[in-house]
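One chain is shown next in structure tokens, namely the form predicted alone.
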Amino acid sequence: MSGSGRNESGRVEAFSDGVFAIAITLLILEIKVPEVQGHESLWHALGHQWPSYAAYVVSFLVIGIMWVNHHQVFSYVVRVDRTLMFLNLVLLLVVAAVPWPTAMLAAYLREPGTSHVAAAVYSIVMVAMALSFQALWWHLTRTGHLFDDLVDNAAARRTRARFALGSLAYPAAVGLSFVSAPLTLAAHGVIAVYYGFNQVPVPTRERADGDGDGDETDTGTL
């Protein structure tokens, strides 16, 4: 593992962290200070904005948990290639876009008809995020040449099935969008929490003598 490889991986992760941070910060900027109309109380005006709060929390969870899983993966990546960099850029392209459908869904969540379209667009963005992260993981586990030597790539490759739930759940959310927009938003929150507890597993090996020589044994999944 060369020093230049570590630097390349570190630069990719640092750049990614910046995009995640900006995207997650932009979410709160979409929540405006309510305007009090006539004899309306500020409490009532604040309560009227509940769709903005709900959309903010769900999208914050989505981006935050994606960042955690991204960090988990890149902590074992010691070198990068052009394909990985472009796949990471595609992922960041979607992450940076999340504040837009979040604001749109919050604005139209209570509007009959329009809410379905807003929820569908939101769900499509989540499908794109899931697919882009899955593509990144599949590339990393294809040969394992970008991983630290401690990673058990054969075991890591078997974890690809973990993405099956997301591949089914997110497209299902697109269909659910045309049934109920609030329920669709809640479903995305549940999916985000699931991936928060079920982080991307990176199976590693432990060197038997602890000094870099000798047999390696599987330590399980992180």
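Don't overthink the numbering: it's just position in the shown sequence, from 1. Model, not experiment: these values are computed from the prediction.
Although it is not shown, the form predicted together with another copy of the chain is what the next lines describe.
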- Y108 near another copy of the chain in the model of the complex, any heavy atom under 4.5 Å? yes
- Using 4.5 Å between non-hydrogen atoms, is H145 touching another copy of the chain in the model of the complex? no
- Message: Check A96 for me: does it contact another copy of the chain in the model of the complex (non-hydrogen atoms, 4.5 angstroms)?
- Response: yes
- Heavy atoms within 4.5 Å of another copy of the chain in the model of the complex: does A135 have any? no
- Task: Go through V33, V179, L168, A161 and name the one with a heavy atom inside 4.5 Å of another copy of the chain in the model of the complex.
- Result: V33
- Query: What residues of 14-32, in sequence order, lie within 4.5 Å of another copy of the chain in the model of the complex by heavy atom?
  - Reply: F15, D17, G18, V19, F20, A21, I22, A23, I24, T25, L26, I28, L29, I31, K32
